[in-house]
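Encoded as structure tokens, the following chain is the form predicted alone, with no partner shown.
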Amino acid sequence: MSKEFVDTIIYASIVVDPNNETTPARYKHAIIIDEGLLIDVLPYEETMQLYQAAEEIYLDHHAVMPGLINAHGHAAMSLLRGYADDYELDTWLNEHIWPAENAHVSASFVSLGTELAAAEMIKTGTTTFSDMYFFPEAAAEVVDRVGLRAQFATTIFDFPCAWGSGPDDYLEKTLRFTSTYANHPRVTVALGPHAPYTVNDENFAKVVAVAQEHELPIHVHLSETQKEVDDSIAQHGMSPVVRLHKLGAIKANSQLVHMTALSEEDMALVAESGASVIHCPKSNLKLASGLCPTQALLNHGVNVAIGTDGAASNNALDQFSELQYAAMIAKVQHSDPTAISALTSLKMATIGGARALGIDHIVGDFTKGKHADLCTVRIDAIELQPLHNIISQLVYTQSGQKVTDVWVKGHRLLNDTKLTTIDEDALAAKVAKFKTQMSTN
């Protein structure tokens, strides 16, 4: 019997697919890739009988899994990592972050910061990220160049910022940006009204109208703190969730970020709408913003994804660390050690993220025909032994530091811990130069 010729075969010690609840871990299996797509996942012997490849990769001490999906962040803010720590949210934003952004944000700032974020995310197993920031054109150029997959939620405020003069300008620029990347294989676009306290009803109505006309999702910070909820009730007579629902901003493709202060009514509205919630555990802990009721949302049937938020409020973009925190926080929050199991957390960071971003038809698990977005974790390190349960080890240990290889649509972006599309030394030098310039200004 003749063998089918394909581009790549990855022989792995363990193949992990969190969305395959029957057998989430398969031992001594191979992943077959051709033209950037997943052709099959088969045992070693069957693979050798059916396929031959231009490139055969043997990873005898590794787990291979779908690439992680970072469903919310501000990539360029990597340049503000550690700049303003240990402040409450309002002080952090108003007295430190926004002044720093007003002084330094530009297209070149966004380009450099996004490349720094991309390097960190690739090295810790993230293959897709959602970015909510300024100058998305500059960030998208970086994504196009380095090979990652991204959604860009274009930031919209009531007021001017470095990227534009106001909401009408932001929306006009968003539509131009959408047109530019309409057919890009790895870039999608969303509307990013910043938050209910920075966008008024009139401008939310404009966002909703554009979203409906152009079939764009809405990505918004929502109910991030109890103070935000209390202020909304005092000003509008309703919670931020109820307000945005009445304005038409919470739909099946909406992406609701943080969501730490929710009533039963809020959760029921989100569940009814089909919107996704994006949990940012470490950022919320660090800013003392509150805790997203993840298990309660899942119990309501809400899709929950995981994001890092920006490195200015985290201070890392290691998605493995986030899913560890997501699992452990839920157990304390719900006084239930079974809340958000290791497998559930992995699903939230893979197929859950893909559903939230509307790309679950192409990535998120190892279904045949999906894009070959995957990462590998070395599992023979002494600190991971003994390996009783690979799912638990991936979640409850520092697995992000053990990532060795990453592929996006079949292209290898990390090869045995070495970046293939980013010059790490040159990047470090540019970041050091920026830091020096920022310190002297």
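Everything quoted here is computed from the prediction, not taken from an experiment. For every residue, the number given is its place in the sequence shown, counted from 1.
Note that the form predicted together with another copy of the chain isn't included here; everything after this is about it.
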*in the predicted complex, do S289, N389 and K435 all reach within 4.5 Å of another copy of the chain through at least one heavy atom apiece?*
yes
*asked:* Counting any heavy atom within 4.5 Å as contact, can you tell me which stretch out of 333-341, 210-218, 128-136, 67-75 lines another copy of the chain in the predicted complex?
replied: 333-341
*Which of L285, A162, L298, A268 has a heavy atom within 4.5 Å of another copy of the chain in the predicted complex?*
L285
*asked:* Which residue, A249, L79, A190, L171, is the contact with another copy of the chain in the predicted complex, using a 4.5 Å heavy atom cutoff?
replied: L79
*Heavy atoms within 4.5 Å of another copy of the chain in the predicted complex: does Q401 have any?*
yes
*Is Y44 close enough to another copy of the chain in the predicted complex to count, meaning some heavy atom within 4.5 Å?*
no
*Do Q385 and another copy of the chain share at least one heavy atom pair within 4.5 Å in the predicted complex?*
yes
*Examine N315 and determine whether its closest non-hydrogen atom to another copy of the chain in the predicted complex is within 4.5 angstroms.*
yes
*asked:* With another copy of the chain taken in the predicted complex, which residues across 140-179 come within 4.5 angstroms through any non-hydrogen atom?
replied: none
